[in-house]
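What follows is a single chain, given as structure tokens, in the form predicted alone.
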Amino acid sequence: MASARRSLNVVGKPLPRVDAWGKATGRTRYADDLSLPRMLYGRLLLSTQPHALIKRIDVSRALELEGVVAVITGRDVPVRYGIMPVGQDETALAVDKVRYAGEPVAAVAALDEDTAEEALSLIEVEYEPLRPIMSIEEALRLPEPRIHDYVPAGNIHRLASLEFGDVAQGFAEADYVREDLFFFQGNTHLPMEQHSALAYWDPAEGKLTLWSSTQTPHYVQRALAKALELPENRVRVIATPVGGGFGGKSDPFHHEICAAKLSMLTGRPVKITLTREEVFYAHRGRHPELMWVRTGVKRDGRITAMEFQAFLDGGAYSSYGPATTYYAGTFQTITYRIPHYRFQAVRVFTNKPPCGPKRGHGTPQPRYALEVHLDKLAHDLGLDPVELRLRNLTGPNEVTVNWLHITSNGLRQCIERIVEASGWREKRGRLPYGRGIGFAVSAYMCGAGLPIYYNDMPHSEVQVKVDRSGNVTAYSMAIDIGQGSDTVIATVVAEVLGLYPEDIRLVTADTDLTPIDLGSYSSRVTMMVGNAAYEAAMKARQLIFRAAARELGVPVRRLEARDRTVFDRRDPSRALPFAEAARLAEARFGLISTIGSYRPPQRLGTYKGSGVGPSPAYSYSACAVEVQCDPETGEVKVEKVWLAHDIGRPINPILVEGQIEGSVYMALGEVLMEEQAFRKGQHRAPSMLDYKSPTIKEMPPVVSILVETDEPRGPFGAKEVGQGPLLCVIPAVANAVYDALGVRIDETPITPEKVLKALDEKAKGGPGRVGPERKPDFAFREPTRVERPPGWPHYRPHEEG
């Protein structure tokens, strides 16, 4: 679309972030920094029960407390909402039933936080406890008690069962078949900034304004309108700078709706900032997932068929669960050419905080299982794990067996660079006992091909305004959640107009002032907002060039913009300052205000579930990890990480490297220590003291390698980097532990206790493995059979649009 091979001025340069100064000096104002006159402070009362009927709520004593202005319960906000149209099962406060310990049941607005806190202790709630369902196995086995009445049977939320090609035929062609079982523990985002929202209802205008630390202002606007029964144009959402999102601020949340309702009742601004403990209950993090994978291969390692089953613990509500269910099996085919593939998944409800999207949404769990499984296959066949992967790679410009269109594909180059940089061939199996090296690859999307709710409108729009003084302002609803999207927009517009990123003013993430963008999730911003910004800037440039061409007496086609100047490419002395060219353009055409928009290409598949997985492009990563394991204590220490990422073409290489290192950090936490675990229905560690995550002392050196493939659909050839690099690190660590000690830990996190248990079992003559022993006794429905694309795997689809 907007790929360009010419010499570029600012794209690809390691320039400072446009928001660096504000964040470095503390001038950036986050949601909890905001204050309005007569503002009240809100608090939420959380359920102490994981599963119970609400028999009675008495708020009279709280209302009598001096300084308390309003108290609401579920009866005041009974309308159900949700992020996805097929998952409208939440209320801002529990109405008749609580479904997890930590679910809000009442909300208070008071003159100060201490009074609000005291008021919570005065609210009396009478519960009738129900049996809690706390595991995948229980949810599948026990039809009662039901957590939700709307599901067809028991506690099964969503099912997927698909077959591509003829799996039975594929296994019949195999020389060797292996199956494995894995478990990936749930974990949470742990952002530095807690969730916070400030709401103000203006009775004069009959309009609600919400400032919130959210990744999805457009979807929050829709949810507020529904839950509060307001027209959407009477709801304004302003997304404040986000101090850490990682997917955890992508849903509409209880505190946002409660703050809004309390403001409507009191006529005063109301702010609710969650405590750190409350953030653990808000959650929406990684699904605990049990996975079974079976693969048939030829003697040379070529895959003939694969089956993949996933059992997902969704927690108490839907959230993004319908999409997560399909993500569990969609992306295996993006990295490897699998001629016959069966995928089945079931998501269950349990009495835990609801799970949703966390960095890599739905894909780290199956990628972990697949990459460890392939390592075991390679060992069985006597092949180098890298060689096994190289023999099965997908290539550029092909369609997978499940009808996903791959455009650029730099995975082979990523692997080659990692093998060379890490010394893989010299180290694997040759390091001293206790030291090992592991390898894995991964892929991710550059934005979901479908919006969360069906519509045929653009996914992203950007407005560029150039005034007569030469000031340039870009308007976008995209919110920078730390990944650098503001810098991407400014850099793309600056490149097109011949300016520098610091020349571009930004107005972002305001549903009243900015054109539509669906949010910062699924690594969509660089691809979608970047292309919209490119188109808007190109339209403005054409008008400016036409005015400049007439002034300079040269054809428009010979003009170029660079270093804040518009000039004749043949004779650079014939030039105008950008500001002068802008003045001439406004004099001739009126206000220079242009709009660019972006919508992804049409998906190829039409089967049910085919909307989860299609993307304009896919990024690829390869990773090697070197570890040191202590056989006496079981401690695993990551010594060094090498990670190569197919970025397409970097908009800003400093931002790319930062995203790679952030992905490595988060992955190490997930594989070695993090777990959102529960005991007797209660969260086991809802604090940053008890919930273990890496510190700077556990962060190893990271060698970041950028592989450029110049993606034809990306702005200036760019692809995503925010999520893809995380996926391969987790299995690479697990494979490195096996290389170091000869034991397999087939579940996360890989704790010292599990390492010691596996070593003890091996010393007694066992296989030296810790992990799930059997999959649940659950009968999936017969899979829907989907034929392979015509001419697969050499099918070359036409370029859409």
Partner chain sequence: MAADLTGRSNTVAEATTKAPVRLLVNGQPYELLVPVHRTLLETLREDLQLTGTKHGCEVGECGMCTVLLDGEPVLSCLTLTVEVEGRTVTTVEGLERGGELHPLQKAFAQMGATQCGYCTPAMLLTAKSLLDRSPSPSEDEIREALSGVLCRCTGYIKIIAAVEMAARQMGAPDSVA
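Note that the structure is predicted; figures quoted are calculated from it, not measured. Numbering follows the first chain given and starts at 1.
Keep in mind that the form predicted in complex with the partner chain is not shown, yet the notes after this line are about it.
Interface residue remark: residue 90 is not counted as part of the site for the partner chain in the predicted bound form, having no heavy atom within 4.5 Å. Remark: residue 29 counts among the residues lining the partner chain in the predicted bound form, judged by a heavy atom distance of 4.5 Å or less. The closest heavy atom approach of residue 405 to the partner chain in the predicted bound form falls outside 4.5 Å.
For residue 696, a non-hydrogen atom is located within 4.5 Å of the partner chain in the predicted bound form, even though that partner is not displayed. Using a 4.5 Å cut-off to the partner chain in the predicted bound form, not one of 283, 307 and 772 places a heavy atom inside that distance. A heavy atom within 4.5 Å of the partner chain in the predicted bound form is found for exactly one of 485, 363, 422, 659: 659. Taking 145, 712, 165, 244 one by one, only a single residue has any non-hydrogen atom within 4.5 Å of the partner chain in the predicted bound form, and it is 244. Only one segment in the set 203 to 211, 684 to 692, 343 to 351, 411 to 419 has any non-hydrogen atom within 4.5 angstroms of the partner chain in the predicted bound form, and it is 684 to 692. Contacts of stretch 34 to 54 with the partner chain in the predicted bound form, defined by any heavy atom lying within 4.5 Å, are made by 35, 41, listed in sequence order.
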